[in-house]
Structures are given as C-alpha cells and as structure tokens.
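In structure tokens, the next block holds one chain alone, the form predicted on its own.
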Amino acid sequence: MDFELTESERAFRDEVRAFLDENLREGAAESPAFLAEWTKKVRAKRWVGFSWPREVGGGGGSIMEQVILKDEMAKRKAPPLGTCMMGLAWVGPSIIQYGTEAQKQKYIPDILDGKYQWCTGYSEPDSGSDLASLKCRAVREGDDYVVTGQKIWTSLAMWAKKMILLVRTARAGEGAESGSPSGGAATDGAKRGAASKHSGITCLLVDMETPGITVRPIRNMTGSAHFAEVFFDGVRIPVENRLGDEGQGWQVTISALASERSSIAEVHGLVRKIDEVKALARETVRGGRRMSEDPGIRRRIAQAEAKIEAMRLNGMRFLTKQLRGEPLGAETSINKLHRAALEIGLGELALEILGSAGTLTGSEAPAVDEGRWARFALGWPDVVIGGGTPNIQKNIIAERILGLPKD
C-alpha cells in the first residue's frame, strides 16, 4: 500500500486547500445564504458529482482525486458537495451506466443541481436486505407497469420527489422479456446468470406524486422520523421510466457500488465524533473530578480511537484494490459492521460521561447541550439499519469471506 501522492494529485490537493482557505469561514456553514453560495461555487468547479463523466456534467475526476477532495473537505468540516444525497450516492451512477439518453438528460442535471431529493425503494417487511425475496409486484399493461406492494425503512421518503424502485416482474429463474441481464459492476452478485435467485427484479424511476402512493413516516426513539413505509396501490409507472432491461434490476442496483467505496468519509465523521466525546469528557465534572481523568473513560476513548484507525486503514486497503482495478465485494461489510458498533458505543460512552444528566432532553437545565447526546445515543438506527443490518453484514462476512455454511 503506497500512501504517497503523485505530483498531479498533490497539485489537486493544494487546489482544494486553497479553495477552502478562500471560501470557508468559521461558523458560516450554519447560514442558508452561505450554503446557497457554497453550492454554486462547488458546482461551478464540477466538484459535485466529481467522479462522473464530464459529458454528463460531472468533473471526470479519478477515484484518487475524489478521495482527496472528500478527505480535505471532511478535515475542514466543510458543507456537503451537493444536496441531493441519494441521487449522488446511488441514483446518478446507475442512470449514467444503465439509463437512456433521455433519462440522463432528464435526471442528471437536477441531481447535480440538488433540485429535489431521491429515495430508494429497496427493503420490504419480509425481505429487508435480502432483495432476492422482494414481493412488490409490477405487471406490464401496455406502456405502463402497474405496481402493487410495500416498501419499508425508506430514507427521506417523506420529502423525496423521486424514488428508484425495485419491483418483481418475474419469479426467480423465469428470465425477463427484454433478455438476460448483462453488464454491471464486477461483484459477487453481478456475475450470476438470468436463472439466479436475483433474476426477475426490475428497476423503475418513480415520481412520488404519482396517484396510488402513500407514505407513512416511522418515528424513532427520539421522536423524529428519518425512515418511512411506502405503499403502492395500483400505481402506474410508464415503461419509459424503467432503468435498464426488464429483469436487470439487481445489476442496476449494485452498479452504483463501482464508485469509491473506501469508507474514508465515514471515518472522518467518526473522528469528529470522538473528538467531541473527548471534549465532553474534559468539560464534565462528576464526583469532584473531570471525567477525562477517569481511567475507565480514558480506556474506552482509547479503544474507540484504535477501532476508528483500524477502520481507516481497512478503507485504505479497499481503496488500493480499486486503484488496481480489482472489484470490491464482501470485504466492505467489515467497515460497515465496525461503523455500526462505533456509532452505538460512542453514544453509550457520552451518556456514561454525563451520568443521569445525559438522559435529559430539551432546552432547560440540567440538560447538557439541549439533550443532544441523548438524541445521538437513541438515534443509532438511522445509521445502523441503513445499508444492511449488522446481522446481514455478519452473514456476508461469515459466508463469503470465512467460507462458513449459510445461515
């Protein structure tokens, strides 16, 4: 693993740092006016969708340049590069690879400009992370698909204007009207044939205002709602909104994973969080001493820092494989599992530092930071469930890396 940058990569890093020095001001990120101006500037530099091809409006950057860009932005706690998070992470890359020219022209500019949010209609009550068992059904009627079924744990569905939806158009092994699946990222699932358990799944691009769609927010332990249930009752989706061939939905879904997947951005988020926990320990006095002097608290902070560093180095290993043109598969579940444990552990550690005061919420004393740490400790499902639960990640690691029998 080579940690050194090339001359051109160092030049790009210097360009990013100079931009941040000129445009990022302390505390300005809280201002809506600053955020609007920031978004214009990074969009003008093509840093939104930076790794996307220039012909669709992206920056044409390399994987390493994208890592440098995200790394420098995270270190300086800069605002996001773009506001359409699902569109940039999942939808855009899939449309670029599988979409028609009309779909690219219709959706890609809006994703880059952040005109609205997308959500992902994947998980279902009885399937979760096992997409092969999804039951939401789409039946072809002329120029439309008629969709009936349910999705759950759909992030941002309450605010999203568009959804990338997986539906079943044929039973597993039946194949599809438009031919067998082809293309896609080189991962374990992408190499399976038309008769695999993932055949018969089709991807549709859905307008959330289409008649027959009902969205019900799912309240979490803090009282807020990040996820939702989405119901489809005879929803008519034009065939022209199909992404890829019929029966090719599994390949379309995993194609987005061909982009940078080193987990380095998540590591920076965890570094910021552990720094905040350390500051909390220094500021909190219980029993006549600062909690930063408590041996048990110090040990747990050190353990968390060691795990975060291990996650960073593991991410560098993933990045090295990508730079060599090697596919990433089950190994990325390791960092996902690490992050889930760290999110829960840091929340519990913050509450232990605060003692009984840590359980309080609201703006009145003695709630610390207006109950921020209690909400953080209770809000872990948003991160832990998203992208596959720990049980799913453990099964993937056990079966595909360790070679253990299927669960």
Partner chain sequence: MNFGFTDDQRFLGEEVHKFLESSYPLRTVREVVDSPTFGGSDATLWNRIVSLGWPGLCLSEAHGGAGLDLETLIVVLEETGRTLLPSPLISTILAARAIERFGTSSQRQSWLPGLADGSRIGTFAMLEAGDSLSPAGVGTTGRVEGNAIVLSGEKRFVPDAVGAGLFVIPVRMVDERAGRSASAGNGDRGDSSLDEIALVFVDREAPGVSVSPLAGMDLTKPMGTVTLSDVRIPLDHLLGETRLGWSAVEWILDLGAALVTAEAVGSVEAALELTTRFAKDRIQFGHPIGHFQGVKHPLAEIYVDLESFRSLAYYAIWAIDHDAPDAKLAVSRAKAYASDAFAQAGILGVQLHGGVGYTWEYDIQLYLKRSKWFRPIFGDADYHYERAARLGGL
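Residue numbers count along the first chain shown, from 1. Note that this is a predicted model, so its numbers are computed, not measured.
What comes next is about the form predicted in complex with the partner chain, which is not displayed.
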Classify V252 as contacting or not contacting the partner chain in the model of the complex by the rule of any non-hydrogen atom within 4.5 angstroms, answering yes or no. no
Would K70 count as touching the partner chain in the model of the complex under a 4.5 Å heavy atom rule? no
Could you confirm whether L24 comes within 4.5 Å of the partner chain in the model of the complex, counting heavy atoms only? no
4.5 Å heavy atom contact, E399 to the partner chain in the model of the complex: yes
Of these, E276, E331, D144, D110, which has a heavy atom no more than 4.5 Å from the partner chain in the model of the complex? E331
Given that the partner chain is left out here, which of Q150, N314, Q322, T210 has a heavy atom within 4.5 Å of it in the model of the complex? N314
The partner chain in the model of the complex: contacting segment from 96-104, 238-246, 134-142, 290-298, heavy atom within 4.5 Å: 290-298
Scan 380-407 and write down, in order along the chain, each residue with a heavy atom lying within 4.5 Å of the partner chain in the model of the complex. N391, K394, N395, I397, A398, E399, I401, L402, G403, L404, P405, K406, D407
